[in-house]
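What follows is one chain in structure tokens, specifically the form predicted alone.
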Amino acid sequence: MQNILEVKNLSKKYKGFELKNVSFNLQKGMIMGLIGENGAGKTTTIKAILNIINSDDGNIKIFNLEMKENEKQIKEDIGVVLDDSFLSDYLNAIDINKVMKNIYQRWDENLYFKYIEEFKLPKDKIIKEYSSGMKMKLKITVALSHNPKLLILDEPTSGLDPIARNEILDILQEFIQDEEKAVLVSSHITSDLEHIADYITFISNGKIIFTKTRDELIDNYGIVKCSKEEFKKIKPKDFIKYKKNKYEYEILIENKNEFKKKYKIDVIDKATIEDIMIIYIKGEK
């Protein structure tokens, strides 16, 4: 399947933080979740992909075009949601429609107001008077309303109640149904990604830990809880990392079936994406 986004050896150095050789590909028809702790490099990666910040090294291709050489053309086909909406707090929904019509060639006024109605957003109220959840819904509405081929979203469900989050997740899944579009979405709410993501890319301390399918993570990874004596019998090569709690050890493993056969352990807990992330970050090897 064709890549819609290719990130290769992306690097950026700041005082106290460095993005180190970040590489991953996103194919058409797919949703990729970008996970990691605060300060891991998720937003820096997204801003570098969008050429909002200049990377020190690396190459970005979107729609098989070099980002730095074709930025204007590429951005016409990208819908973006960032923490900063770049919209004046003193505009209302009607004003924003007028502004966006002059920015995007394929701005769809009917689609825009369809989402405004669906999200129950007031048309006359200025953005400054919106709640945080309403502001996020408006940003997502703007991102979707010029018929993009790629959505890049940084924490799009942050500040939304469960009903609104579910609405957004449904929209993202509908967006990729024709298998010509794709979504890159960073989120701290990893349970959302378990519902919609095809791939998970995990970044920590500026480095990619892995890119794996959601099914691979959910089906194969597991957590073994055991005593100190039981832990000593397990070979380090047979687990990823462990976390020592007050009364037991928690061990993150990559292949539940093989581990069961080798160690004759019947009970292996399911590992959520959040569990995997926490033990990778906090655990020991």
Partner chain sequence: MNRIKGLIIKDFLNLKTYRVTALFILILFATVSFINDDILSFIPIFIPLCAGMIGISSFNYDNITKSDRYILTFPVSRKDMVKSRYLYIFFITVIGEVLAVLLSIILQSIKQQSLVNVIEVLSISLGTFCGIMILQIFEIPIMYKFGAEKGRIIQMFTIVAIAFLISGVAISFIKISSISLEEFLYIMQKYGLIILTLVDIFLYFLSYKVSVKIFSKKEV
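Numbering follows the first chain given and starts at 1. Nothing here was measured: the structure is a model prediction, and the numbers come from that model.
The protein also exists as the form predicted in complex with the partner chain; that form is not presented, and the subsequent description refers to it.
Shown without its partner, this chain lists A164, I189, V99, L111 as candidates; in the model of the complex, only V99 has a non-hydrogen atom within 4.5 angstroms of the partner chain. Among I240, C226, L65, I52, the residue placing a heavy atom within 4.5 Å of the partner chain in the model of the complex is I52. Residues with any non-hydrogen atom within 4.5 angstroms of the partner chain in the model of the complex fall in just one of 114-122, 180-188, 88-96, 202-210: 88-96. Among heavy atoms of I171, none comes within 4.5 Å of the partner chain in the model of the complex. The shortest heavy atom separation between L153 and the partner chain in the model of the complex exceeds 4.5 Å.
Not displayed here, the partner chain is kept clear of E129 by more than 4.5 Å at the level of heavy atoms in the model of the complex. At a distance threshold of 4.5 angstroms between non-hydrogen atoms, V142 is in contact with the partner chain in the model of the complex. Along 104-125, these residues reach a heavy atom to within 4.5 Å of the partner chain in the model of the complex: Y104, Q105.
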